[in-house]
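Before any questions on binding or motion, here is one chain by itself as structure tokens, the form predicted on its own.
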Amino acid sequence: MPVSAPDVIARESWFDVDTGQLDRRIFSDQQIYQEELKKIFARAWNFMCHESQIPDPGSFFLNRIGEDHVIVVRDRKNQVQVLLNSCAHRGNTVCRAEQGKTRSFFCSYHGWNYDLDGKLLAIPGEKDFYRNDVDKEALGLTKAAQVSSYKGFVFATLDAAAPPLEEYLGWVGRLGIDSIAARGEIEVVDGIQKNRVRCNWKLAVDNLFDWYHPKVTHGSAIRTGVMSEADMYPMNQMVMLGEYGHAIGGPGVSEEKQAQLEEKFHGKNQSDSADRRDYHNAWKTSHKAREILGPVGVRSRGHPNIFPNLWITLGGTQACLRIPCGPLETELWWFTFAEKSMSPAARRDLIQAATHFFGPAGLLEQDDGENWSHSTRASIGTVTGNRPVQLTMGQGHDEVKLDPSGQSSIETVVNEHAQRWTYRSWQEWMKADSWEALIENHSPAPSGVI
């Protein structure tokens, strides 16, 4: 583990917004990582699960907020609770199964037992060992400061001062979730794909906006015919930037092309489309989708990221959490979403595609993971770690266009606008000592030339 230079935390700037240069040490420095856990993950609204994963009282799902392990559970009153998975006695976990249904949570160390809302129910030896001298009301499981849901997506924050979820998401964050929810009644396919990559979590985040790499990194997918060259190097790019670091980047279509697609797919059941490209086009062509996503959002075919670490894929069929496991390792969690109305054949094809493209067996992410790992490794070197990352593509050459609807976009060629926005926002989170300071000092969504 690299040793932090004395000035790393105190530095005025890790990312130079004027030059697009980024200090590589943010990908490996332990002090910076510890600050991220406190100033980003402990304050942000973090995605926990989809409500379809916890349908009944007692249904639970284990997740993480930074390095804090949490239980997302529906209590006896049908309310969603987010509880830290740590016994008040000695800190042991009280739930080991990743998902399931239970009547209570039991500590396997000394037998302390907790209700679904986190209340301490019973302590072995309460009368004989503790002499009835224990305040069980004060020794329940620690709860998240706030829990909220947007269109079935459950989020939690450990900071009571955080703004309401929908305000935090803004229109760009909401659009990211809407890109899944607009498909209709959906559910998470059982079995979250999980794997670890030896890379910093931020590299796994900024890559989702990167349409410069696919033709090179994923050349094998092109050569084998799994993906076309047009898929891997789309020139028609659309970028949308929101407050607090939310962004969407990737391909987009013109109003004219969108109108053509709406005419082509009018009345068709996109859920049962056998063609993957047709599926991605079709589900955004209904009148309902335009109403939900807006006149600009409906034309986006890019990847949303809800800051800090929730990636939503093309077509809104999958979402991925990039969970930090120290500065040099990241755990990737892939959620696959299927419409409940899907035919068995269409559902099978969707799951097969999800497994084949991303996750531990994914053709594409195996390529990506190698690059992220080597890029992280370079940040440790005495010399290589001091050479800045260059994020200058398109800087000062494009313009944010505001639509009368209030949505805005940058429509251009391949670029690094979303990456720069991510690191600019990351830096603002890291410099702010409180939500009050972050609200006051964060950058508003940009306008004009960018």
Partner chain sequence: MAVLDEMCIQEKMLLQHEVEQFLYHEARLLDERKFDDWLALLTDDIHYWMPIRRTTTAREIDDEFTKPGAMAFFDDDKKYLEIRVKKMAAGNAWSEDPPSRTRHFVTNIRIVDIQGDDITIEANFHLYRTRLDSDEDSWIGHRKDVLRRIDGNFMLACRHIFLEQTLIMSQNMSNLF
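Residue numbers count along the first chain shown, from 1. Just so it is clear, the structure is predicted and the values come from calculations on it, not from any experiment.
Same protein, other form: the form predicted together with its partner chain, not shown, and the subject of what follows.
Its partner chain in the predicted complex is approached by residue 102, whose closest heavy atom lies within 4.5 angstroms of it.
Its partner chain is not drawn, but in the predicted complex it has no heavy atom within 4.5 Å of residue 108. Its partner chain in the predicted complex is approached by residue 219, whose closest heavy atom lies within 4.5 angstroms of it.
Taking the partner from elsewhere, residue 318 is found to have a heavy atom lying within 4.5 Å of its partner chain in the predicted complex.
The stretch in contact with its partner chain in the predicted complex, judged by heavy atoms within 4.5 Å, is 184 to 192, chosen from 184 to 192, 290 to 298, 117 to 125, 76 to 84. Only one of the listed residues (360, 152, 140, 251) places a non-hydrogen atom within 4.5 angstroms of its partner chain in the predicted complex, and that residue is 360. Checked against its partner chain in the predicted complex, the candidates 113, 373, 146, 258 yield a single residue with a heavy atom inside 4.5 Å, and that residue is 373. Every residue in the set 223, 331 and 366 has a non-hydrogen atom no more than 4.5 Å from its partner chain in the predicted complex. Contacts with its partner chain in the predicted complex, taken as any heavy atom within 4.5 Å, map within 328 to 356 to 331, 336, 348, 351, 352, 354, 355, 356.
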